[in-house]
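Let's start with one chain on its own, the form predicted alone, as structure tokens.
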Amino acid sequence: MSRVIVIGAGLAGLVAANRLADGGAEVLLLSKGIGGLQLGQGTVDVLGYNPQRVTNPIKAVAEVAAEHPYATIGAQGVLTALGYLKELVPDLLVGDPEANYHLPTAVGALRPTCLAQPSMLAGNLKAGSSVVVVGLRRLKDFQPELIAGNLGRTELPDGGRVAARAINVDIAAREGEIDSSGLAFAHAFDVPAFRQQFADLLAPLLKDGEIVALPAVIGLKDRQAHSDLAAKLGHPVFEIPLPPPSVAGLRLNQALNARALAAGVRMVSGVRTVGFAADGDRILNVRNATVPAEREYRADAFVLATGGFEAGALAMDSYGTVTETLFGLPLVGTENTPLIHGDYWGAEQPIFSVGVGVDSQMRVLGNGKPVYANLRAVGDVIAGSTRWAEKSGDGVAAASAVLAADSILKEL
């Protein structure tokens, strides 16, 4: 059995690790932390804006500019990755690659996304719908009045509008606790007796035909919590993700980690990978910053899934020089100076598109050829997209991870 090391535990790293293990490789996943999925919405964005709102993400993927990662990955690569993701967590991600959902956010705007959790789907609203946004008085990160007000003013993709109102329910997630976190409520909603208590409080406040919007805290581990609560209320129910840390993101993170462990992936977390050794065009090993001495891990192939600037995979010094911090890889997009201009409300900042260039196997390129034959880069470290603005980060992460894993498996 050949050994592959994946560095990074975000969506790209976890998808790559699962795919490699499913293909028969011995996989070691190294990470300095627990990854960034719990900072997200718990959904998978493929392409939300180009710059107009996208309704068919796969069609839009096929029309991106030549420098965008999707131009290398291709629409079929994205389709393959989305299908694989739904196989990995079949009870947690659903959706049609050719039709974005438009789901309410914690400020009452509509956010396009491709794959969503079943507990969110009733939020894909139609014209004429009536929504009641239900706040929990002891959860301060969810403001039902703000959400309902903005939802009522928002034009839906079909041109219609919804009627929305706000109410609040006072229930303690834990006895004697005045203010509780979303995670505390999620643990409470995992308990059937708490769901019944909550339904008994809420049901008399609902009007016929209303769709119930709740903060995304309806259970962390119990996948039936949402459907059970909807049945108790006799109304459709949907969740709206909260600001980080997100319970919906935690669900996805835990599910992908559990799937990887079940597939045989070995994980070493909590220590940063700080160095490597190479022989010619092949990486021999990477080193973790363990104490009292660095620890060396050897492998036949390596996957760099360390993220972008926000994760420390890319860094800019006081002279404006950008570097890839582990392998010192050549970067694309640094020629577009200044990388940060002073018009913060103007054109896109060039720095957002800086990263490594890759070929169709996700091998990092320098002077038009792979820098290391056994190194792939996946996810946010790849150049050419403004992921936060166009909402493409999840799709690029998953698709690049699957392409990288498949190309490694062919070589092992």
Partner chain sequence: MATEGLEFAGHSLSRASLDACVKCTICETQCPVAAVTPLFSGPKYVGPQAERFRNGESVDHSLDYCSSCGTCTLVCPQGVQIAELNSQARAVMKADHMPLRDRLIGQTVLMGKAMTPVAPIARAALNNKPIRKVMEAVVKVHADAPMPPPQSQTFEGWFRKRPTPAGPFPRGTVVFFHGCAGGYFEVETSKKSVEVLEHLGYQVLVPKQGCCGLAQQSNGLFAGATKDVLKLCDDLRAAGKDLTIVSSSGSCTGMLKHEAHEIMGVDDERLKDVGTRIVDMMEFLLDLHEAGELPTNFAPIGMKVPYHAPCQLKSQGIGKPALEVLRLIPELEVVDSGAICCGIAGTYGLKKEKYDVAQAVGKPLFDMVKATSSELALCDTETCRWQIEKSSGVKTEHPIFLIHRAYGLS
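Numbering follows the first chain given and starts at 1. Here the structure is a predicted model, which is why all the values come from computation and not from measurement.
Another form, the form predicted in complex with the partner chain, is not on view; read the next lines as being about it.
ask   = Would Lys32 show up as a contact with the partner chain in the predicted bound form if we use heavy atoms at 4.5 Å?
value = Close contact exists here: in the predicted bound form, Lys32 approaches the partner chain to within 4.5 Å, heavy atoms only.
query = in the predicted bound form, does Gly328 have a heavy atom within 4.5 Å of the partner chain?
reply = Flag for Gly328 set to no.
query = How about Leu39: is it within 4.5 Å of the partner chain in the predicted bound form, going by heavy atoms?
reply = Leu39: contacts the partner chain in the predicted bound form.
request  = Please run the contact check for Gln197 against the partner chain in the predicted bound form: heavy atoms, 4.5 angstroms, yes or no?
outcome  = Gln197: no contact with the partner chain in the predicted bound form.
inquiry  = Looking at Leu242, Ala186, Leu250, Leu103 here, can you tell me which has any non-hydrogen atom within 4.5 angstroms of the partner chain in the predicted bound form?
reply    = Of Leu242, Ala186, Leu250, Leu103, the residue with a heavy atom within 4.5 Å of the partner chain in the predicted bound form is Leu250.
message = Give me the residue from Pro338, Gly270, Gly234, Gly83 that has a heavy atom within 4.5 Å of the partner chain in the predicted bound form.
response = Residue within 4.5 Å of the partner: Gly270.
ask   = Pick from 115 to 123, 145 to 153, 71 to 79, 290 to 298: which stretch has non-hydrogen atoms within 4.5 Å of the partner chain in the predicted bound form?
value = That would be 290 to 298.
key: Heavy atom within 4.5 Å of the partner chain in the predicted bound form - qualifying residues of 152 to 185   = Stretch hits, in order: Arg174, Glu175, Glu177, Leu183.
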